[in-house]
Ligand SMILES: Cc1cc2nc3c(=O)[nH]c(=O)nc-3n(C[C@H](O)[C@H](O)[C@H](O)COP(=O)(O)OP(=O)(O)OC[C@H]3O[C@@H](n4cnc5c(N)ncnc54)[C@H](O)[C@@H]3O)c2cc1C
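Taking the form predicted on its own, here's one chain by itself in structure tokens.
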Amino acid sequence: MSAVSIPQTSPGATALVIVGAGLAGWTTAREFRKLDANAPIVLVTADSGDFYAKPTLSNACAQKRSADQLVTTPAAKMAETLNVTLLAHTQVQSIDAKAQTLTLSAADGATQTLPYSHLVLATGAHPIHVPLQGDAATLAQSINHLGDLARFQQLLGDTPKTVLIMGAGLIGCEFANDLLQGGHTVHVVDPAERPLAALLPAGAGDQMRAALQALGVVWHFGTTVQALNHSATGLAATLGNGDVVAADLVLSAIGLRADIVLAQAAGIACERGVVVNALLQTGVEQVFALGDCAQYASAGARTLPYVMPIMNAARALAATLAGTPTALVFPLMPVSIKTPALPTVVAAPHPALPGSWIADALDTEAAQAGGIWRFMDADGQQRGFVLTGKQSTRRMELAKTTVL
């Protein structure tokens, strides 16, 4: 087993090591470089490390953009600009927290050890897969990375297809809108009564249902896909209610689960994600986490798989790593759902917060038609909001009246 050669700035210095080359990993490196131009940084990633905006995965079809075209900065350029040693196509096999080293496995199978001064876990999240019956069960696709999108686009080809989407949450609705705009036929299956049931009030969910249905979505609510089999024309999905839906492709968009395998194996506390405190420290000395893999104390022990939480977390963590301990305080972070059929902005309250969604009290009828809902707590304070359609431009106005 060999040791990785790291550029040294002083005798005996070890590197800040970041595991993961998604938005969380690269943004942490960039923010740290703003504060420290010289300390060695090593970024380890199982993929190429090319930089792209992950939200663009769910609107590439309508824009006729390939996976390669979504890359905004090649990995080599990122590494050069930020003065980072990039170890691409490299797996982290284990963490030795006591010795402060990683065991790595390169693409050629060679193993190496990598010492670290501080370790940042930005390992992201994996799609949730539910077990399916049938002789085509393994053909259900998920899109979570550029490679996933490239494979899915190859299967789509250049002619219109019928795509069945499992899941009517945020990602499922975004892909449904995108595929419809790309000229495909779309069926969406979900056990809830309406789309985005866990995120939107009922009225907003009903608006989304109607808007995407008008665009062409065929909804199948109150049921799930039980089996996927080959058929004479492609695939046949058998639903729990007994219906059979013919499709060319099946896309699973059920949700994401934090990638905590590496952390758990190292004895780092994990629940829904890698547990971190306000300084993004894990329970193991010199090991930190952020991004889709982290469970934030600053967010009430939640995972937050969105862009703005990552940006805020990376800035705070960089300051801490550079020698100024900085507690992460999340501002209000409304999320824009990329469904052109019904533009929607959500500032969701904490799931455990008692309260209820109400239509805009100033004009209930107009609110129901135009799309304003406020989440009011037991004390009558606004703790979240949803805006749809033309009202989605009022996010700054509603943000000013929302109490964190």
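Since the model is a prediction, treat every value here as computed from it, not as a measurement. Numbers for residues come from their place in the sequence shown, where the first is 1.
Not on display, but discussed next: the form predicted together with the ligand.
Looking at S356, you'd find every heavy atom of it more than 4.5 angstroms from the ligand in the predicted bound form. When contacts are judged by a 4.5 Å heavy atom cut-off, R33 does not count as touching the ligand in the predicted bound form. The ligand in the predicted bound form is approached by A125, whose closest heavy atom lies within 4.5 angstroms of it. Among residues of the shown chain, P195 is not one whose heavy atoms approach the ligand to within 4.5 Å in the predicted bound form. Comparing 34-42, 61-69, 47-55, 374-382 against the ligand in the predicted bound form, the single stretch with non-hydrogen atoms within 4.5 angstroms of it is 47-55. Just one of L332, A297, L86, V307 comes within 4.5 Å of the ligand in the predicted bound form, counting any heavy atom, and that one is V307. Of the candidates H118, H187, H145, R302, H145 is the one whose heavy atoms come within 4.5 Å of the ligand in the predicted bound form; the others do not. Along 145-184, a non-hydrogen atom within 4.5 Å of the ligand in the predicted bound form is carried by H145, I171, E174, F175, in order along the sequence.
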